[in-house]
Ligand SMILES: Cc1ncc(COP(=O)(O)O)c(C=O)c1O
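Below, in structure tokens: the form predicted on its own, a single chain.
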Amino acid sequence: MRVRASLKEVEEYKPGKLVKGAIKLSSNENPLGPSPEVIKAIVRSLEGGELDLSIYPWEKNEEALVSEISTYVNASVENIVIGAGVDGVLDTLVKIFVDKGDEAIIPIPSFSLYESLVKIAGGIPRYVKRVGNFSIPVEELTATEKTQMIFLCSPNNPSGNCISEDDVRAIIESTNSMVVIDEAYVEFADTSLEELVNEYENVLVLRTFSKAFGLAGLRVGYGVLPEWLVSQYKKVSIPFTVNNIALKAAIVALRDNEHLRRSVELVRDGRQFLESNLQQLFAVYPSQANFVLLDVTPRKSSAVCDTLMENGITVRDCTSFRGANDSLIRISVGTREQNAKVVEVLMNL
């Protein structure tokens, strides 16, 4: 059977390793898990019949989540869309903007799904190599008439650094292309760029419930879009992408401010612990996310990952990220005990 030619250039997504019995620090998940209030609410709703798994998600439940998100990000409900994780929102957006032969700019290394979705749509990724501590050379992000999208991950995955507001403004104002700011890790950072959506018609911001809110297994993400784009998004998006349980869980998670506070505090403390201890051994890049990036030169990343695995810890070998070398590993921040175990193993390499 014939498949589309564009798929020849697409590589299968490589998730973080999951090994039974091992400490999983490979996928940037919340070490505290979801809010206990989320679990209680789901159980109550299922037992009480509020959540009926035999029917499609109600529009009013989607509207309720959008309303909660609106309050959380201080944006109008008219600017918010939801999807099956940031991945689902990205998939819809690329379908809107990228046609065969169109171009998208991706500073690398960064989240690999940008590249895959553009290629699946028949588009052509144009890569801009990050410099120094993975900063973006803004002067090289020059759009052409074929450039439809520019992807900015901030904090960036896998490096953990943020792009400055001045640099983002310079990029937005230099192009008519759609500038996508992926803020999946923003709860762990010091700043956000979400308010730029109110100022420009060619910028949007993406967020997720997978990281700080601990709902990675339920797949809920959202976008803050310019109002003109929302109707196009709803036209292209697959119906019912977020299920009833996920909708309920996300609403309750947004209301549990204490669990979010504890999750962020745990990550920031753990991040500082990892950075301060591991910088004695390797180059450690400053992070605003819930992970740290190490350069283990002169060792190879694969060898260090294997050693950690032998000691019951999975981390991310970054060789799968375009533009990353073979000595970079990404370590998700875990519990205090898990972080201490990582440091202990690496100190004994």
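None of these values were measured; they are calculated from a predicted model. Residues carry their position along the shown sequence, with the first being 1.
Absent from the display: the form predicted in complex with the named molecule. The rest refers to it.
- For the marked spot (Tyr285, Ser287 and Ile331), a heavy atom within 4.5 Å of the named molecule in the predicted complex is absent from each of the three residues.
- The listed set Asp102, Glu194, Asp167, Asp87 contains one residue whose heavy atoms approach the named molecule in the predicted complex to within 4.5 Å, identified as Asp87.
- Between the named molecule and the residues Ile106, Ala253, Leu117, Ala184, the one pair within 4.5 Å by heavy atoms in the predicted complex involves Ala184.
- At a distance threshold of 4.5 angstroms between non-hydrogen atoms, Lys248 is out of contact with the named molecule in the predicted complex.
- Residue contact check for Lys211: one or more of its heavy atoms lie within 4.5 Å of the named molecule in the predicted complex.
- The named molecule in the predicted complex is not approached by Asn79, whose heavy atoms all lie more than 4.5 angstroms from it.
- Although the partner is absent here, Met149 is not a contact residue: none of its heavy atoms lies within 4.5 angstroms of the named molecule in the predicted complex.
- Only one listed stretch (270 to 278, 131 to 139, 228 to 236, 211 to 219) carries heavy atoms within 4.5 Å of the named molecule in the predicted complex, and that stretch is 211 to 219.
- Contacts between 145 to 159 and the named molecule, taken as any heavy atom within 4.5 Å in the predicted complex, involve Cys153, Asn157.
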